[in-house]
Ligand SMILES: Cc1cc2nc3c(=O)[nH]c(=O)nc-3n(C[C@H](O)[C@H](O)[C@H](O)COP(=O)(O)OP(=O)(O)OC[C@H]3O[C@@H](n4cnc5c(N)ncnc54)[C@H](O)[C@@H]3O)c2cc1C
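Only one chain is given next, in structure tokens, and it is the form predicted on its own.
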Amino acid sequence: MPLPLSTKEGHAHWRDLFYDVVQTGLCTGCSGCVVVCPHQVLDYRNLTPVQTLDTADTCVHGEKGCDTCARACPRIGYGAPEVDRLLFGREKQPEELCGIHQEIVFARSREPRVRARTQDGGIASTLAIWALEAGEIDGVLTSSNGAEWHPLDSGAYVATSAEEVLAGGMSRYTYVPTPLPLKQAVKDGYSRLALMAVPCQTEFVRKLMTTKVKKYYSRVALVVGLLCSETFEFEPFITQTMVERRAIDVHNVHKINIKGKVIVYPKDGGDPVAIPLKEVRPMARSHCHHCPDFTAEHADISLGGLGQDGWTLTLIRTEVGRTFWEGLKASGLIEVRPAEEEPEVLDLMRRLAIKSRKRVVEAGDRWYSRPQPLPSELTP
């Protein structure tokens, strides 16, 4: 068994990540440790970090190795209150279950071509395209379901054009490590990237900010978080549930959405196929059961399709997010309306945030590695 972190001169290394995070199922698969490894001894296989020489628990760089991989891991030494202070100048209050934010609105793209190829209101894609074309960013760390991947799966890459952004506009609900291309992007000279990521991946960038790994976090100009309860294992979710049990033609799927159930929309205009959530819940990735963050609380802007068909629920959080958001609004590419018009959606967001937080409390976990204040309704 590995020694407690406190006995190793206060520094965690690969061995700690291997035993305490990877082996326990806490690893999110965010790929952060692989991205930042300065010695090229970590690889990423089957959504999991591994040693390049398959030496399991010993860093091939040395018995203790360096601590850079641990400095990137949101599951070791992560302090949510510290990130709150860094981004917002204060810690969030226990009742702020959806995190600190400046404004919540509904928004959607005005572009028919965007809405036809994206999820819900198409705001993530519209924001990325506008920022690229306005010169605010030089690339987007995102996902695509291009020809090199299964039709209902996606891979991580850097998008640099509207067409490349739209290639990943539809959600598949299987896990894609969108931060992974950051390592090569830095080598290629990208200096102002946008990261489109689920909550566990946004925390990777914020952990780097608190541990001063500037080489990588300084290249991310905008963090866009996607509301997420869980992601699913590809084989049971796609192959077993959709193909084998329901004979869904993977080449005839327009999009997949989750609105109280999994809904598969065909390209040919036929009737959508509905799959009960209780059927696929056991297929969620194990680390999702240890994640308390439904709303991507430390993103600059958080986005999600929450019950409103054709609209994106949008949370503006940081000053960086506000600057990008005001630029997007001024472009005329989107329409916006107050979220208060749909109070039931805001209530749903809060209830889903509570559900995510409760599953962590019930499992006996803390908020990552450091305690986070909880409202009385969640206190054991």
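A residue's number is simply how far along the shown sequence it sits, counting from 1. It should be emphasised that the depicted structure is a prediction, and the values quoted were computed from it without experimental measurement.
Keep in mind that the form predicted in complex with this ligand is missing from the display, and what follows is about it.
Taking the partner from the other structure, this ligand in the predicted complex has no heavy atom within 4.5 Å of any heavy atom of residue 31.
Contact annotation for residue 292: none of its heavy atoms lies within 4.5 Å of this ligand in the predicted complex. Contact check for residue 298: no non-hydrogen atom falls within 4.5 Å of this ligand in the predicted complex.
Although the partner is absent from this view, residue 121 contacts this ligand in the predicted complex, with a non-hydrogen atom inside 4.5 angstroms.
The putative spot formed by 19, 51 and 68 is not touched by this ligand in the predicted complex; no residue has a non-hydrogen atom within 4.5 angstroms of it. Stretch-level contact check against this ligand in the predicted complex with heavy atoms at 4.5 Å: of 239-247, 176-184, 94-102, 265-273, the positive one is 176-184. Put simply, of 87, 228, 205, 193 only one has a heavy atom within 4.5 Å of this ligand in the predicted complex, and it is 228. Residues 168, 169, 170, 171, 172, 173, 174, 176, 178 are the ones in 149-178 with at least one heavy atom within 4.5 Å of this ligand in the predicted complex, listed in sequence order.
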